[in-house]
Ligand code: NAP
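Coming up is one lone chain in C-alpha cells, specifically the form predicted alone.
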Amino acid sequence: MKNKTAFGHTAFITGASAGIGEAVAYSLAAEKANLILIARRLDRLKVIKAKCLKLGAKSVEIFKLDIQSSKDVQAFAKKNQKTLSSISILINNAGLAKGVELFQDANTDDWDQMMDTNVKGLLYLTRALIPAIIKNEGHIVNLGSVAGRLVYEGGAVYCATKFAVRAISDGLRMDLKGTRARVTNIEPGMVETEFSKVRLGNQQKADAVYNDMMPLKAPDIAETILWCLQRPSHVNIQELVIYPTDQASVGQVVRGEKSVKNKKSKN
C-alpha cells in the first residue's frame, strides 16, 4: 500500500454481513475508505452499508456473492472489472466451522462446506483480485485462526482448513515478493461472533462456549487489522496471533473467579 493509512483506499471485504467482517467494514469506514462488501445475506449488507456511510466511508458497494463457486467468482470479477481495478486492500474474512464430531462420526457435507469456503473460496477470490492488488501495491489480510497452529479433538478438518490458510499466506507472500504487495495472516483465538452458533447449530450451545470467561470481540480483531494496514509500506506484519487473556492456548481457558470477566465485574 502506497500510503501509511487506509485513507482513500478501496477495501474489499468478504463475509462482511456479520462478525469480524462487519467490524472491519466499520473500522475502515471511519478511516474514509471506499468499501466493497460481499456476503450471501444482501439484506444484512444493506443495513451495514448505511452504517458505514454514516461513519464516513467515501463509498460503499455491496454484492451478494457465494465465494464457494469458482464460476460465480469469475463471472463477478469479469462483470465488475472496472470497479475492482481500484482495490488495494483485500480482507479474506469469509469462513466457518461446522460440527464438533470426531472424525469417524462427522458429516462429510460439513467437510465440503468448510473446505469450499475456507480454502477454495479464499483461493478463487484472491486469484480474481490479485492483478489489482499487484497494480496498486496493496495488502491482503487473511483471517486464519489459532486452529491453524494447533489441532484439537473434533476439529481435524476445520483445523486443516486454517493450516491451509497459513500455508497459502506464506506461499503467496513469497510469490508476491518484489511487487510491494503485502500479505498478513491474522490468527485469533476465541472470538464471540456467530462462529459458534454456525458450528453448533444452536444459540444456547454457542453461548455456553463463552460462558463465565471474557472472549475477544469482533472490534478487537478489526482494530488489529487496521493497525496492520496502517504500517508504513516497508513494514509487513506477516503473522499475528491473538488470544483473549482468559485463553492461554487451544483448550486452555480460564473460567469463574479467575476470569478477566469476573475480575472486571468486581471492580
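Nothing here was measured: the structure is a model prediction, and the numbers come from that model. Throughout, we count residues from 1 along the sequence that is shown.
Keep in mind that the form predicted in complex with this ligand is missing from the display, and what follows is about it.
Contact with this ligand in the model of the complex, judged as any non-hydrogen atom within 4.5 angstroms, is confined among 77-85, 166-174, 131-139, 190-198 to 190-198. Although the partner is absent here, residue 41 is a contact residue: one of its heavy atoms lies within 4.5 angstroms of this ligand in the model of the complex.
The closest heavy atom approach of residue 96 to this ligand in the model of the complex falls within 4.5 Å. For residue 143, a non-hydrogen atom is located within 4.5 Å of this ligand in the model of the complex, even though that partner is not displayed. With a 4.5 Å cutoff on heavy atoms, residue 65 counts as touching this ligand in the model of the complex. For the three marked residues, 12, 70 and 119, no heavy atom of any sits within 4.5 Å of this ligand in the model of the complex.
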